[in-house]
Every structure is written in C-alpha cells, then in structure tokens.
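There is one chain below, alone, in structure tokens, taken in the form predicted alone.
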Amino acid sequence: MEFTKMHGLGNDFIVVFGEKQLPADAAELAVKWCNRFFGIGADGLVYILPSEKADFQMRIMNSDGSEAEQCGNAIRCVAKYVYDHGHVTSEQITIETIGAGVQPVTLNVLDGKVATVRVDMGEPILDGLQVPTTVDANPVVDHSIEANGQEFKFTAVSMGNPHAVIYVDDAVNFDLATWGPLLEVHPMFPKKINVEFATVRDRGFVDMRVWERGAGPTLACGTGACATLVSSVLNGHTDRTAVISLKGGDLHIEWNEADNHVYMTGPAEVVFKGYTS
C-alpha cells in the first residue's frame, strides 16, 4: 500500500489515500506502522476517504490504535495532499471529521502547491459535561484538579475532541512525561483528555506544550492550540487573536466574536512517500 509521510509543525502522520472506507484493521495497522523503531514512525495514521457531505472525509487513528475525533494538524495535511495531488482544484474545500462535522478549509497556494492552510475549526464546546468532564458547569474555568498530590487548575474546551488547558510558570521546560499521562486518564475526564500546559507571554503570544490523548507528547497539536486560545480568552489572558507557540513551531489562532468560530492557520509539509510490505 502506498503512503505519504506528512507533518504539521512536527506532528507527523502516515497519510493513506484511495481506500473506500476505514479498514477493519485500521487500529492494528496504526499501532504497527506508527512505531518509530519497528514501523514507519508517526503520531497517527490518517485515511482520506470519500464523503457524502464534503469533498473528503478524514479518519485518524492514534499511535496506540484509538481513534481521534479531530486533529487540526492532520486536517491541514489532508488539505495539502488532496490539492497538491489534483483531487481538488478549488482553494476553498471542505473536510468531514467524525468529531467536529464538516470543516471549511482555505488554501494558500504558492507555485501550484499549498503553503499554508486556514481551517474553520467551528465553535468551541464549553459545557463541562459535553467536553466531556464530570464537572457540571458552563464554562469550566480555572477548576481544581489533583494528580499524585499535586493541584492544578484547568479550563475545559472541546474542539470536537476534549482538552484541559493548564497554566504553568514555564511551559517550555514543563515535565510532560510525569504529569501528562496522569492527567490524561484522570477520572474527571470520562473519555480521557488532551492536556495543554501553557505560559502566557503577552496578550498575543502563548507558549504551549501538549500531551495528546492516545499519542503522548507531540511537537504540535492544532486543536490544542485552538483550545489554548479559547481558554486564554476565557481567563482574560489574551486577546481573541494570538500566536500559540508549540515545540514544532507557531500557529495563528483566532476566536472570532461575530460567529463564535475558531480559525487556525498553519503549514503542512510532505516528508517522503513509500510503500508498506
């Protein structure tokens, strides 16, 4: 089977095009192929499938075999793939996701190839029970949570997948390996959680590091960047437009007051192509 290795700010994916539906063994293949020592190596396996509602449907299997409802970095990779390969010709396309519905995408094309992608990520979900968390509040802002004797304060946001944003003194050097896995599976989060650790530098710039549900530490998380911006606005830390700086690079995020939608702009890159045995 042919695949294309792609990444969005270092959040890397094995992208497969041509299947009519999600293979029955997609979870098993994700675990096998995403292994960085015995496989291709990636944070996730992405299938670009036909859609009755949009130009294409995106299905994402995490490296542990679980399925992600949405992924901001993956959707940019999908958009670049279908345009650069001639499967669409318009610079305005739509991608169907299982967690956030159909998402409009705007392509910035240079010399016939997609350079950056602007995605309408839709409206954030702020009701605690719908994120989901066990907290019956709307929104859930600066809520206490304890892990291994350490207290944190989180703000809950869903961008089609669940996020808990926690503000720390130094996100860049934060101990992700210790606290990420503990918070991911905390009982307060019925479907587990993506955890963002953020440090606000000014009203237009936030450092963020992420522990992704089902993948662990990654270099970038598009939906996590969106959740971080929404959380920062709710907590009064930033304006509605800001740069979210991740380990793999920067994403430009806007929470539009007029339509309540979150817009993400960032790059997508091809690494290599190959075939599985």
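These figures come from a predicted structure and were not determined experimentally. The first residue of the shown sequence is 1; numbering continues from there.
Below, we turn to the form predicted in complex with a small molecule, even though it does not appear here.
- Within 4.5 Å of any heavy atom of the small molecule in the predicted bound form lies no heavy atom of residue 237.
- Looking at residue 229, you'd find every heavy atom of it more than 4.5 angstroms from the small molecule in the predicted bound form.
- Contact check for residue 244: every heavy atom lies farther than 4.5 Å from the small molecule in the predicted bound form.
- Although the partner is absent here, residue 156 is not a contact residue: none of its heavy atoms lies within 4.5 angstroms of the small molecule in the predicted bound form.
- Only one of 87 to 95, 71 to 79, 105 to 113, 167 to 175 places residue heavy atoms within 4.5 angstroms of the small molecule in the predicted bound form, namely 71 to 79.
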